[in-house]
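As structure tokens, the next two blocks hold two forms of the same chain, structure 1 and structure 2.
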Structure 1
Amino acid sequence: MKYVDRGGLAFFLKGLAQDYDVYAPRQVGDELVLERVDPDEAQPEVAWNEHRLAESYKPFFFQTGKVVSRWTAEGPQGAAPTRPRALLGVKACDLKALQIVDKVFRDHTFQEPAWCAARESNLIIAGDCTGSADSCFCTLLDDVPWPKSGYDLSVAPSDGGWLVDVGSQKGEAHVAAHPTLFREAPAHAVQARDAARAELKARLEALNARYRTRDPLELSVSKNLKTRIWAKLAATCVQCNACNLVCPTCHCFLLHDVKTPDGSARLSMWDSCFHSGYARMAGGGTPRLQLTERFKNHYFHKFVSFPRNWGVTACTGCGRCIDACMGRIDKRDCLYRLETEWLPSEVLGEIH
């Protein structure tokens, strides 16, 4: 465990800008947003995000509208390489999201080249949550609001500076390159961080206590697939697709060809399972014509089929879908109502 003072961390980020495009939370009006740190700044001004930002870090690895190939008179060309990025402030829910999408894009025979290249080249500097949004629910998924794996470096505020955990050889190399900035962490600073972690976890558990289900979510969703409650849960959905677009684990995409001045290009575009044409087949038919069926499929995929296929739930509890929903649909509430709310006719059916 290492320790660096506040000025030292800013100096460290400035040094990283020689090899990376450094992105960090910056204060813009009343919001914290991810912005590129200007390497020419004498003392880069970055903000500490107490919890996950409104936007996820997924676009740094999986962009929408990315050119995956081009065709010109000279023949086909691959996608242009991008400069590696150093990403500051990645919270535990976003780290988990990257590991979830790894299951699809990296950890098997058929790999997505751009995703794999970004995962290899980008530097991830994670950070403890020191607060929570009202929509955060990682503890409902038995996770914790601090990084446990999947980072190169992880920082946590303590004792007027930053505790630094090293999580990879890449992170170790960057720390070793700045021996005057980092020193061994004092024991009292580590104890203070651990106490702050326990306190925040307890607050999150209290915040989400009313949504805790009796059964594991995979069982809770799978056993209630035929209930007519789904129509009530989806009643205010307007198919805006916001929940999918802000979700750090949604990874569906389609390929779109466009003409260019010198030929043509193929783009990778994010797709959404709420879109009416998402499951349309070649003959024009679709197995999920009704919105309720698409709404149900969204939950089935995240909480049933993905864990059955890949061994992990495709949700991190970040709560962005709750914040973004125009219909004020709360995923926690939907999961709870699935288990606790019954229609009279269905109860009678169970009896008979």
Structure 2
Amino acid sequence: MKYVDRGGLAFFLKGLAQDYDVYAPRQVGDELVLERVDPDEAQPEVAWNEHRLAESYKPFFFQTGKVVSRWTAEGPQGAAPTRPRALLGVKACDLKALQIVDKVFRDHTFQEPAWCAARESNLIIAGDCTGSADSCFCTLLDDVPWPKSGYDLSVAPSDGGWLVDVGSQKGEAHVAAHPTLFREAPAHAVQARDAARAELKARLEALNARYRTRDPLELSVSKNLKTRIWAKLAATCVQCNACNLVCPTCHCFLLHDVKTPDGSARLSMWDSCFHSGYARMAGGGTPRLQLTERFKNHYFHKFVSFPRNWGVTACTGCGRCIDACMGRIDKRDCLYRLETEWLPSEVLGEIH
């Protein structure tokens, strides 16, 4: 465990801009947004976020509209990788989301090349949550609001400066390059951080206590395969797809080919399972024509199919979908109702 004072961290971040495009949370009006830090800025201002930002880090790894291949006079070829980026303000749920999508895009028979390249080249500087949004519910998924794995460096405020955890060889190299900035952390600073962690975790648990289900979420959802509750849950859904777009774990895409001056290019576009044509079949049929079926599929995929396929739930409890939904649909509330309003008598007759 290392310790760096405020000025030291700012100096370190400025140095990073030599090797990386640095993206950090910054105050813009009332909002905290991710912005590129201008390398020429004398004193780069970082608005260290208390909790996860409104936007996720997904676009830094999986960008909609990205060219994935080209076909020119030289024949078909893959796309050039993007410049390495250093990402700041990444929270535990953001790290978890990247690890979830890794299962599909990287640790798989086929790889998503841009994702894999960005996972290699980007530097992740994570941070402890020091507060929470009303919609945060990571603790309902048995996670904690501080980084446990998947970062290069992780910082937590303590004792007027920053505690720094090293999580990878890449992170280690950066710290080793600045022996005078990063000192051994004093024990009392670590204790203070751990106390703050425990306190925040308890607060999150209290905030979400009323949504805690008795059964695991996978069971709460899966026992509703044939119930009618979905129509009630989806009653105010307007199919805007916002929940898919803001979600750091949603990763469906559609390849779209276009003509270019020198041939053609293939773009990867974010897709949404809320589109009625999403599951269409050759011959024109669409198995999930009703919104309630698509709504149900969204929950089944995240809480049942994905864990069965990949051993992890495809939701981090970041709550972004709750904030984004104009129908005021709260995922926690839906999950709770799936368990508590489940009625065996609602089971529909066998559908052939």
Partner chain sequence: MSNAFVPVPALLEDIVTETPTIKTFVLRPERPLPFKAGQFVQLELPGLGEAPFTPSSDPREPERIEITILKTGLVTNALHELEPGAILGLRGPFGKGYPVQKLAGHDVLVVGGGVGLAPLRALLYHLYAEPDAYGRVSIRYGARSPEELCFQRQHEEWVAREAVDFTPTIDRPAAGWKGHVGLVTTLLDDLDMDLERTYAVSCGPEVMLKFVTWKLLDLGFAPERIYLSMNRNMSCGMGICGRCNIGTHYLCKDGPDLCYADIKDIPYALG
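Definition used throughout: the rigid core is the maximal C-alpha set that superposes within 1.5 Å between two forms. Start at 1 and count along the sequence of structure 1; that gives the residue numbers used here. Model, not experiment: these values are computed from the prediction.
Only structure 1 comes from the form predicted on its own. If you fit the rigid core between structure 1 and structure 2, you'll see the Cα of residue 263 move by 2 angstroms or more.
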